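Next up is one chain by itself, shown in structure tokens, the form predicted on its own.
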Amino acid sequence: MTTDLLFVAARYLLMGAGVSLAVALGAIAISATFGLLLALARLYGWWPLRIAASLFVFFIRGVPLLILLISVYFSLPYFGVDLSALAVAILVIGLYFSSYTSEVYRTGIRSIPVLQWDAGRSLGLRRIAIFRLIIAPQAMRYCAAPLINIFIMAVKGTSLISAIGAWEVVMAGRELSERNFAVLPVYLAVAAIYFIICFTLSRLSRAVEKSAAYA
């Protein structure tokens, strides 16, 4: 490749990386929020809600992400739902990893001693106030680092969305490799992009772990 072609290819891959990162951030927001709701439902919900949340978690964790992406994307039109490939990717990846984040939240919440609840009640606090003011802040210290590790997995999961026709960094790399017949350099560049994003998140996880240890 000439210098001009390298510049164009790099810019094209960075555009794809921006799309991948946007999908990952959307999926992370969904997984963090819905995962917390699943954890609360399994811990404190009415028994039908606990069963439904548990079944959702067990089912999602037992099915590969790629199968879910393809199944949901090609099934939605039969139900009259018309979503773009990127919207489906954000929704499916977010829900998929919410099953993992829910386990992290649930473990973190259950790790707080029951005496903390008793102390809150002795102060005259209601159950919701005890959870919001006492339990949740302590649980998040234990949850933060494992959650970041799951978010790293979500970033890597975006590499699968080209299977449903979504354009992102992997699809951009495929187009460049087919156009320039430079398969190895292009995919090494794609790998480098994912490495930089995931390495940055992993360093953040280490920093969170250290801060939690000294808190």
Partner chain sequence: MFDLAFMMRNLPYLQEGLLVTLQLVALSITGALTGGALVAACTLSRWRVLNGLGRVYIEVMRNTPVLVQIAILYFGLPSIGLYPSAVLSAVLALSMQNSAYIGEIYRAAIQSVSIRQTESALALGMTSWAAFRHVVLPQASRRMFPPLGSQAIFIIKDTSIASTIAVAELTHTGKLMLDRSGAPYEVFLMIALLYLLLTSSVFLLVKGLEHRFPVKA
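Numbering follows the first chain given and starts at 1. Here the structure is a predicted model, which is why all the values come from computation and not from measurement.
The same protein has a further form, the form predicted in complex with its partner chain, not shown here; the description that follows concerns it.
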Report task. Name the stretch: of 126 to 134, 71 to 79, 106 to 114, 139 to 147, exactly one has residues whose heavy atoms fall within 4.5 Å of its partner chain in the predicted bound form. Result -> 71 to 79
Query raised in the report: Hey, in the predicted bound form, is residue 205 touching its partner chain, heavy atoms inside 4.5 Å?
Result: no
Query raised in the report: Does its partner chain get within 4.5 angstroms of any non-hydrogen atom of residue 37 in the predicted bound form?
Result: no
Requested in this report: Give a yes/no on whether residue 51 approaches its partner chain to within 4.5 Å in the predicted bound form, heavy atoms considered.
Outcome: no
Query - is_contact(residue 12, its partner chain) in the predicted bound form, heavy atom dist at most 4.5 Å - result: no
Requested in this report: May I ask whether 25, 29 and 167 each come within 4.5 Å of its partner chain in the predicted bound form, counting any non-hydrogen atom?
Outcome: no
Report summary line: Across 139 to 163, the residues having a non-hydrogen atom within 4.5 Å of its partner chain in the predicted bound form turn out to be 152, 153, 156, 159, 160, 162
